[in-house]
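Presented below, as structure tokens, is a lone chain in the form predicted alone.
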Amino acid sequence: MKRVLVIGSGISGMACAVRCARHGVHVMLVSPDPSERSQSIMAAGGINAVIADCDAGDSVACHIEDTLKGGCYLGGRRAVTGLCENGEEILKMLVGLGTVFSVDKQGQPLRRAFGGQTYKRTYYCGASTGKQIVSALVMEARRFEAEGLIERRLRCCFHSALIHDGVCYGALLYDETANKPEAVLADAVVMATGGQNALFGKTTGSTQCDGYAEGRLFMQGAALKNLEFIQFHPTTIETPQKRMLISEAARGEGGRLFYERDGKRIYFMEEKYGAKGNLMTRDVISREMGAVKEQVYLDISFLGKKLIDERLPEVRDICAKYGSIDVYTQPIPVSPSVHFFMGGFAVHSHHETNIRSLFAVGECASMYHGANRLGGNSLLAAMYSGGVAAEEIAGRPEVGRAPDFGKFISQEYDKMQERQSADSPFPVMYIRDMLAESMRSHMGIVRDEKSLDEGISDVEHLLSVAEHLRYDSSVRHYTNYSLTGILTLARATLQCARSRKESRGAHYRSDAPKTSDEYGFSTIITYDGGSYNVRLDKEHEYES
């Protein structure tokens, strides 16, 4: 029987696992924690789709154009077309699995407006769409677990891939229960590891999504793409642990951004962009907020208690719990925060990387969003990409007999043992905090070459000491061995941002504020023995 190893059990990972199981393929679904603790449950706003009963004038073609335009036309038209054309089918499938979408009095699904979209096409489950979809997929996955087609492995982390002559034969995992590495052979490995939040410390996302897998596989030969495009969500509030997202749904329902000057409210987005100013794309709003010296607020109080309670309960609860804010009567103080990574693994149309039998899906794969993602497209892309990869894997023959990886596994184990006896005054988390501080400073909403060079210098210094750090007994074993991969990914991200000497989408250079046709291609970066090689994909090697 064909065997597939899926790393990550959020929505994209489960979507892939379930689709593979339906084809009779055995799946091992690996994650440190249950799906109910994945970043996917944080997705609040909704999922985009154009269905038969859409707004007058809306169409799949319009959704395609909005997506391409929002991504500054760096998303592949063929891939975006497939994504948007399958929206209605994916929505129906989710309903069939038990996802409970919000409906009107006639029982018809409700939809709301999201930034950058011409029409209302974002379907939602209150303010907890991600939770609902995860719950539905978990129940479907359990059905296949009972049949023996899906095997869950919890408290298990990715360490490295088993690659020989450009083909992936499985992965080396670290079992945190047994405290030892374990090699797992497979006919295909699917990475569904999310974004790169650890690079920036406090973000709106889960700290479990740290970018290590991308960094490690980059060092093993996997090409990465468009790392410079990092989306800042304009409306978040700070807590001691992270930034809490105030969903775009609040603005989709009519919420207004303003600041106060001389006792007067200035609705700056509406003044500059008109009636739809509060629903401009996230990069535009974040930059406009960054240019304002005063504190920016989001007001939803005028929407009324009934609408807030029915459609924005999670926004209400987050503000009350983390900011002691009564949204019925008070505006919400907001500021931008790192939220989504458009860059990730460079994948071909079936989500396979440049390494044979190594796939990537969901946020860790750079495919549909180009230079900027539209709200509501991430959940759609997670579901769709998982299915695309699964169909490709199911239709292939088994990969064949694997070579002997004994020497490689032994070397990796020896490295772990050496690090445990290393001598350094600094624990790993101290270095992680230094990295996050540097990245926030040098890879923010607005960048320039001088600052990016300083960031590169910072990360190179951290890399020079990373292998000599002692293991920190206060953190998980994974946190210790993942440091070098995370730092390498940070270095690659800065290099991509430095190489793109223009402003496009979520990448804004104050020293190159205009968009240039010269850079109208995706950025591809590869790694060769410590050398970071950047090029523009002018030959459309990853045209999708």
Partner chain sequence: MRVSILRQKSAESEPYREIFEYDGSPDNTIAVLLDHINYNDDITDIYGKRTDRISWECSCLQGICGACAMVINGVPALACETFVRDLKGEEIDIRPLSKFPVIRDLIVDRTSIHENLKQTNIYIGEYQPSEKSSHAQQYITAKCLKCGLCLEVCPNYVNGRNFFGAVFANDCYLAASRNRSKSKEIRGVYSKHFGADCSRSLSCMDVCPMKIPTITSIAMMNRK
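Keep in mind the model is a prediction, meaning the values are calculated, not measured. Residue numbers count along the first chain shown, from 1. Between two forms, the rigid core is defined as the largest C-alpha subset superposing within 1.5 Å.
One more form of this protein exists, namely the form predicted in complex with the partner chain; it is left out here, but the text below deals with it.
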| So which of 51, 41, 64, 28 gets a non-hydrogen atom within 4.5 Å of the partner chain in the predicted bound form? | 41
| request: Name the residue from 337, 132, 278, 372 that puts a heavy atom within 4.5 Å of the partner chain in the predicted bound form. | output: 132
| field | Location of the partner chain contact in the predicted bound form, chosen stretch of 454-462, 337-345, 263-271, 322-330 [non-hydrogen atom, 4.5 Å] | value | 322-330
| Should residue 183 be counted as a contact of the partner chain in the predicted bound form, where contact means heavy atoms within 4.5 Å? | no
| Does the partner chain come within 4.5 Å of any heavy atom of residue 292 in the predicted bound form? | no
| said: Would you classify residue 430 as touching the partner chain in the predicted bound form, given a 4.5 Å non-hydrogen atom cut-off? | reply: yes
| said: Is residue 167 part of the interface with the partner chain in the predicted bound form - any heavy atom within 4.5 Å? | reply: no
| said: For the three residues 444, 502 and 534, which mark the spot I'm curious about, does each lie within 4.5 Å of the partner chain in the predicted bound form through at least one heavy atom? | reply: no
| query | Can you name the residues of 121-160 that have a heavy atom within 4.5 Å of the partner chain in the predicted bound form? | reply | 125, 126, 127, 128, 131, 132, 135, 139, 140, 142, 143, 145, 146, 154, 155
| said: After core superposition, I'd like to know whether residue 404 moves between this form and the one not shown (criterion: C-alpha shift of 2 angstroms or more). | reply: no
| request: Answer yes if the Cα of residue 313 shifts by 2 angstroms or more between this form and the one not shown on a rigid-core superposition, and no otherwise. | output: yes
